[in-house]
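Heads up, the chain below is alone and in the form predicted on its own; it's given as structure tokens.
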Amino acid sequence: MGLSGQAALVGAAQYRPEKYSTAPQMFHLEQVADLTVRALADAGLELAEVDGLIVPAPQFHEATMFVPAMAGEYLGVALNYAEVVDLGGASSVAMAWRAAAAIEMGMCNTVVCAIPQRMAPFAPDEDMSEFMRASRYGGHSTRYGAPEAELDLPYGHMAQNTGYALIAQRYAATYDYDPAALARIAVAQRFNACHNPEAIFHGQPITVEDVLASRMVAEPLRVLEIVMPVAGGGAMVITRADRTRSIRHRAVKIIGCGEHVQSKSPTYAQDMLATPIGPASRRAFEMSGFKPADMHMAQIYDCYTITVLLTLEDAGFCPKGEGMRFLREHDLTFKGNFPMNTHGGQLSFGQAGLAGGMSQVIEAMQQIQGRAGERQLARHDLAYVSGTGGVMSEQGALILQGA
């Protein structure tokens, strides 16, 4: 049981990442509409063909309830399938397989998944302090009664940096920890970004020495190992594979998926080094009929270098505890023997909030379609894509194949 490749990614659009201070402000409804039109044009489909819509809700400026209905109304389309996904950085991967499942079930024909991530304008009477309180100390669940507010934040476990640093320290205490090997991830992805004009760090190469000399943020994680938040946003179009004869580019079938959510905070993780990407990836590979060694590329969610290391191990690209050796022995650039995050990854392409993970889905699609420009891979039929939300707490995986 599972996906059978009856649904395919056929088009996408995303804003070029840029600093929030210089990015234009747009209402989130405007962004959804603009990205949808661009993604449909990329696919060669019309707005009237859309009958499914998936959007995020928690950070949607114009409303926190009834968001799909409001967005569908704004687009002027009637929906046979409407959904909200709230899985942080795993949302894009989760949106893709949910859209494919809905299409395979016959509920709809064409689904747009859209995540707006430019700032929306605040009204003159809007209470900015409420917005700031909602994320004080870098927390996500700061309201009365939330476990994070009671058991994490008061003890200094604040935001993502401390959580990923805890995981990295646990890894160091259990296995080999080689900062230079992890730095190779950031360096290889920056190399890829230097061949991607859309990346925010295009034209700014770095070395292993640069990474190791960069400012320590949360030991052992340094600033060049941590993603930089930017403004952006993206949308992708998924439609029935048998309707793809009229589309502009090669269809990219969704043939495997998996998802696993085991906790909100690493405080409650039974084993911080046994991440949810393990069961999620095993299910995705089993569903697709392929193995990790069959993949022509890996687009791995990379909010931190340690996230990539644990994903490589738990997804089965190398044995547990041997990730450092894998990093030392492989060239992770698009020219190398393990092409990974060929657009630069979020570390060097830029992380546009919840839409950051969509950049990896879109890169996989464009690589399979042969549209990656200077960084195009010679072998580009099969892709593994991962998504990570929270602190390795909610994760998903996709297997994509060119039609």
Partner chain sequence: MTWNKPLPQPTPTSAPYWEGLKAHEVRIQQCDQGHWVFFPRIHCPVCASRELAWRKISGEGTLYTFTVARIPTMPEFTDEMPQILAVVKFDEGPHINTTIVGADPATLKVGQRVRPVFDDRPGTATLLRYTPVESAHPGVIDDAADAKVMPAAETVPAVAVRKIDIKNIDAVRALVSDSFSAWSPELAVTQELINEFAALSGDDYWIHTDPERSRKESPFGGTIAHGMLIQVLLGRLRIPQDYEITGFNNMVNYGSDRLRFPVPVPAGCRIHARSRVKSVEQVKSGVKLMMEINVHVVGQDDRPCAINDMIIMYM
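Nothing here was measured: the structure is a model prediction, and the numbers come from that model. Residue numbers count along the first chain shown, from 1.
Omitted here: the form predicted together with its partner chain. The next part is about that form.
Which of these residues, Asn109, Gln169, Asn196, Gln262, gets a heavy atom within 4.5 Å of its partner chain in the predicted bound form? It is Gln169.
Could you tell me which one of Cys318, Met324, Val84, Met158 places a heavy atom within 4.5 Å of its partner chain in the predicted bound form? Of the listed residues, the single hit is Met158.
Heavy atom to heavy atom, is Ala173 within 4.5 Å of its partner chain in the predicted bound form? Yes.
Contact with its partner chain in the predicted bound form for Glu313, defined as at least one heavy atom pair within 4.5 Å: yes or no? Judged by the heavy-atom cut-off of 4.5 Å, Glu313 is well away from its partner chain in the predicted bound form.
Contact test in the predicted bound form: Met272 vs its partner chain, heavy atoms, 4.5 Å: Within the cut-off, so yes.
Gly145, heavy atom within 4.5 angstroms of its partner chain in the predicted bound form: Contact with its partner chain, yes.
For the interface check, one of 183-191, 213-221, 90-98, 249-257 should have non-hydrogen atoms within 4.5 Å of its partner chain in the predicted bound form; which one? Among the candidates, contact is made by 213-221.
Whether Ala293, Gly336 and Phe338 jointly form a contact site for its partner chain in the predicted bound form is the question; each needs a heavy atom within 4.5 Å. Zero of three within 4.5 Å in the predicted bound form.
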